[in-house]
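This document starts with one chain, in the form predicted alone, laid out as structure tokens.
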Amino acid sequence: MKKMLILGAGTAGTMMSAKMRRALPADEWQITIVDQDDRHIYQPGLLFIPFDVYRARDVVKPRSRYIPPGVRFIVSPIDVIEPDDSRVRLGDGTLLHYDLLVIATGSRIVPEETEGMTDTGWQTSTFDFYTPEGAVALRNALDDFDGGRLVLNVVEMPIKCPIAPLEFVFLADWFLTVNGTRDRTEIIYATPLDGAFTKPRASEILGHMLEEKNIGLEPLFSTGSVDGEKQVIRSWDDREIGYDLLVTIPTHMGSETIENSDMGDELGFIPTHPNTLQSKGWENVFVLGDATDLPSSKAGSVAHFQGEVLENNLLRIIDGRELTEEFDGHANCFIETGFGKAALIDFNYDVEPLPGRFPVPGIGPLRLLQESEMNHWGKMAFRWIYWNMLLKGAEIPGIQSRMSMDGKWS
């Protein structure tokens, strides 16, 4: 019997296990998925915990609940991948051999990479919201916050869900307004980018939204250190921003397993063919989701679009056929803007976000690059879609893996 091994039971890995179990005969292929724990996190929901929209129980569930029947699930740390021998060594020394390997080990925050970040003030005046623990601690801090300077700082790119920092400051503006402390709070968005976002047109529009909400933008701020005693962040070019409450998006890196295996770049992301999702080093190794080094967003929608392409290419390599270069970097992201509204962007490697209607051209009901209440409810509905459709590898009606220009205008 041939063996397919999937490393990582997050969004990307769980979805692929469902797709491949349906696609491959159970009497010919054994599918195994491995992760270090049995805790699946709905990562888009972490953003809402600090604002009392969601609780931790809404975004954390057992991984085992979503692994499909017929797929072996192993809970274990992954020590090292030995791709030249087509095997993986687990933390207890167990060896897992494979014919095909799918790496979906994701990314992790590494706050200790920034000088001083985890020293004085960590989880008392400096917080993240990219972990359940950080999001809950930040919720408690915001409940007690009575005004001052709130700074959201992105240390460096790439990060998971690159629009989440913008969403945080928009939601903070709403939350503090409702709580009656906005008029005595200064909100600063400090980013290493030259504007509000990575794509020029969206950056301009989102920058205007920041201005309208009286949120200060500090572009080209590359964080070098955090001084928790003085409550100051410093850039590499010696600029300083003081804070009363610091919300940080720390450095992101790939899994420690990838570092141990010497398969990644300097940040631990795996060199991956941008259109086939095959690793650049080994023909029987494919990479999915945040674990890639691709210049696409590290977001659940991207993993979903990659999954359709990867399913096809895994079946093609099994049949001895040439791989298709179908993945175009497609990303589709809601941007929560506060006060019951959200925006929506849809883009890929080559085409930046454009205005229009989505997913039905001319009809919508969702608006691209514009705020609307319908977009907000689309974002809220996605949690149900995530648990009940996306993780099961199901098709989402009206959403295609390749970006369409239908309904967009420039």
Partner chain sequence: MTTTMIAGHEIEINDDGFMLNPDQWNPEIANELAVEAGIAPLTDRHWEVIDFCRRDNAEKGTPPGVRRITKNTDVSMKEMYTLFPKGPGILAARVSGLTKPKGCI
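Residue numbers count along the first chain shown, from 1. Keep in mind that this is a model prediction, so the values were computed, not measured.
Form predicted in complex with its partner chain: not shown, discussed below.
For the options S76, T177, T94, S222, the one in contact with its partner chain in the predicted bound form, meaning a heavy atom within 4.5 Å, is S222. A heavy atom within 4.5 Å of its partner chain in the predicted bound form is found for exactly one of D319, E322, D144, D237: D237. Heavy atoms of W122 never reach within 4.5 Å of its partner chain in the predicted bound form, leaving it off the interface. By the criterion of a heavy atom within 4.5 Å, E212 is excluded from the residues contacting its partner chain in the predicted bound form. Although the partner is absent from this view, A196 stays clear of its partner chain in the predicted bound form, with no non-hydrogen atom inside 4.5 angstroms. Not displayed here, its partner chain is approached by F347 to within 4.5 Å at the level of heavy atoms in the predicted bound form.
Remark: of stretches 86-94, 145-153, 198-206, 283-291, the one touching its partner chain in the predicted bound form is 198-206 (heavy atom within 4.5 Å).
Contacts with its partner chain in the predicted bound form, taken as any heavy atom within 4.5 Å, map within 249-273 to T251, M253, E266, L267.
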